[in-house]
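Single chain ahead, by itself, as structure tokens, in the form predicted alone.
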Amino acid sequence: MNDVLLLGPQRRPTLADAVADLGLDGPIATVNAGWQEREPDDRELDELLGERSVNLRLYARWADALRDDDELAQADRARRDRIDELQALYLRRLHHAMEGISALRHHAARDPGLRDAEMADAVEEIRRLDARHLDRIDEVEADFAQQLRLSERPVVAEHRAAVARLVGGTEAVAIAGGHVAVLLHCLRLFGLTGVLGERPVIAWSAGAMAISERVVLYHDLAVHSPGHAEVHARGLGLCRGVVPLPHARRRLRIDDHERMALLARRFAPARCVVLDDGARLSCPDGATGATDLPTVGLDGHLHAEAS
């Protein structure tokens, strides 16, 4: 397993200090595929890493593979269409399930114990819905990989070999944020986990979400959707037992304790950890230990454990 360090959003950069504290003084592979077309604009990232970054250019490799291999491109579009459709169907069910939770919450029960039992059942139904959705996304991804025989396709094999060579000359891997679905797909397509070895991994924002066990999207304040937290995909699982919440104070109704309690209960026993600007969460061998970072408790309040 790899030592993993999750950082808060880099609006106030802490990456350079984190790298120094880890004693990393060699080249560092970088992944900023989530920036998509802005992937080459990595000068600031390179400067934070002491001009020692080695950009793996996974987004450019993905674009190159799609240009070079028509069958791959068609299958990739079909994969994305199926996932979009699954996500839309899941969100419809999730919306009604969350409306049920809301109705129970506001029901003036003569026996609160009976209402609490119904609430517990309703939360379990949402947990099962989340789990089944992840399974269906897994099935789509597995079908894509098996039917396309990805490892045998020349353009994919060529890029995977190049990525392996580049990573082989580095001391650690740093993964930035951006579009999490694009980032996660590029990480998988070019087999990053298979070439990491024992290198430490540093990730932030969507990068932190992509390397956790499952990607959870949230935006309570969004104007274009009901804003329910939704599972999006299974992550790489490089850090376990945590649901990273970057930008949480900008995107979640932190003061709505009932809503936050539901978030914690849906994903327990994994801990929902708020990654504020400047935050660091160390995961030795990928396991998340005690942390003094704010964690969403089952009561919906933010708590900090003893470090």
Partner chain sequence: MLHVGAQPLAIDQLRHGGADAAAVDRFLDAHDVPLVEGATGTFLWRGEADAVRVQHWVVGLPNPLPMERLDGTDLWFAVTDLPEGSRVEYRLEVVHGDHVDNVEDPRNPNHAHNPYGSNSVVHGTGYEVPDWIELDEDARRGELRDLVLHSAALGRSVHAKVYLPARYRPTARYPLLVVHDGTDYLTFAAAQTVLDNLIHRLDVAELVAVFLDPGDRLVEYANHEGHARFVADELVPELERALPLIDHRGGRCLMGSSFGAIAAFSTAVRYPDRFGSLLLQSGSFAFTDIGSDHGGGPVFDPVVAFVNAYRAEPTRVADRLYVTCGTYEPMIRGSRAMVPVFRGTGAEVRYVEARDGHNWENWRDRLRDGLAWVFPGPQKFVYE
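Numbering follows the first chain given and starts at 1. Bear in mind the structure is a predicted one, so any value in this text is a computation, not a measurement.
We do not show the form predicted together with its partner chain, though everything after this point is about it.
With the partner omitted from this view, the residue of Arg153, Arg136, Arg115, His219 that lies near its partner chain in the predicted bound form is His219 [heavy atom within 4.5 Å]. Interface residue among Arg92, Arg165, Arg128, Arg110 relative to its partner chain in the predicted bound form, by the heavy atom within 4.5 Å criterion: Arg92.
Not displayed here, its partner chain is kept clear of His106 by more than 4.5 Å at the level of heavy atoms in the predicted bound form. Looking at Gly191, you'd find every heavy atom of it more than 4.5 angstroms from its partner chain in the predicted bound form. Among heavy atoms of Ser205, some come within 4.5 Å of its partner chain in the predicted bound form.
Taking non-hydrogen atoms only, Arg43 never approaches its partner chain to within 4.5 angstroms in the predicted bound form. Figure note: of the listed segments 120-128, 144-152, 170-178, 97-105, the one touching its partner chain in the predicted bound form, with heavy atoms no more than 4.5 Å away, is 170-178.
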